[in-house]
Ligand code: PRP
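What follows is a single chain, given as structure tokens, in the form predicted alone.
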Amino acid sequence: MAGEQGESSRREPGNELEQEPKAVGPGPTVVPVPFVHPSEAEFARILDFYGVRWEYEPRSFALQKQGDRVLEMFTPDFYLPDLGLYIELTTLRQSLVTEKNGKLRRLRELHPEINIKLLYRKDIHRLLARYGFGPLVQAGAPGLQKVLLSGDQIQKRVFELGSKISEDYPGQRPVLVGVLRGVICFMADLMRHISLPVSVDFMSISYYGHQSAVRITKDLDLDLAGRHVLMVEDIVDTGMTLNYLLQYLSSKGPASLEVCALLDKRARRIADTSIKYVGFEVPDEFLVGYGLDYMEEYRNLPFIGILRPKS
């Protein structure tokens, strides 16, 4: 965080603005120097976790000159080459934040082509909390071990699934049926990529008898008789619940009945159920994000991650 450590850490102004980054990540790393502030190390961990390439302090910008002499320079903390974005972190009192905002305004005036963002302490804490670190994490709540499927990977695959379904139901008006609540993200995105008129309906279920049996707590509102029905699932593991639901939907007299599952955890399969459309085959891990939860947390993550086991 440039200029936040007192006079001893300030750079001597010079004429060279480009420089070798002190460290880069993730992947092969230049011999790093210690980060100036702990929040920088935390932020680097976040970037590594998300697989975002970064460079630490790779460039300084002249804010004030006298002839050829540079009187004041500004060195952003990070550069994200894939995003073309500079990041400056700040965790200090308001007076210094105001001074830093002034420097950013001057930088933008002198270099309008530069894309730079200032992140505050609260922004850093929110980012840390999203994968289970930092002061915003509830006591005892496990964090994430790794990102299994990025948001971009998910959206690309959902687009492909929607396109395939559109091809397979020409001239039809299929009904998409989902079980609340884990399927909400997948269902919302999938239906937008189906270029057909579709109907959508939802069911709710609960388990009893040590989760060995299923009870429907909210039934469908639509009549499925003679309709082409697509059961949309967020994840299929043992297949037992899906098998029960398919038998129930079959009793409604649909013209056809198929399954579209974003995630297929075949390692846990007990009931061998046919799944026509599969997004990804996934390992036998506890997954969260993109609608999947742990104790009603993590549903809103835009990616799917593996939950870190409690220590």
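Numbering starts at 1 and follows the sequence shown. Predicted, not measured: the structure shown is a model, and the values here were computed from it.
A second form of this protein, the form predicted together with this ligand, is not displayed here; the remarks below concern that form.
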May I ask you to check whether residue 180 falls inside a 4.5 Å heavy atom distance of this ligand in the predicted bound form? yes
Is residue 297 near this ligand? Define near as a heavy atom within 4.5 Å, in the predicted bound form. no
Find out whether any non-hydrogen atom of residue 237 is located within 4.5 angstroms of this ligand in the predicted bound form, and reply yes or no. yes
With the cut-off set at 4.5 Å between non-hydrogen atoms, does residue 145 touch this ligand in the predicted bound form? no
For a quick test of understanding: in the predicted bound form, does each of 207, 233 and 241 have a heavy atom within 4.5 Å of this ligand? yes
In the predicted bound form, segment of 163-171, 149-157, 221-229, 181-189 with a heavy atom within 4.5 Å of this ligand: 181-189
Using the arrangement in the predicted bound form, list in sequence order the residues of 55-79 with any heavy atom within 4.5 angstroms of this ligand. none
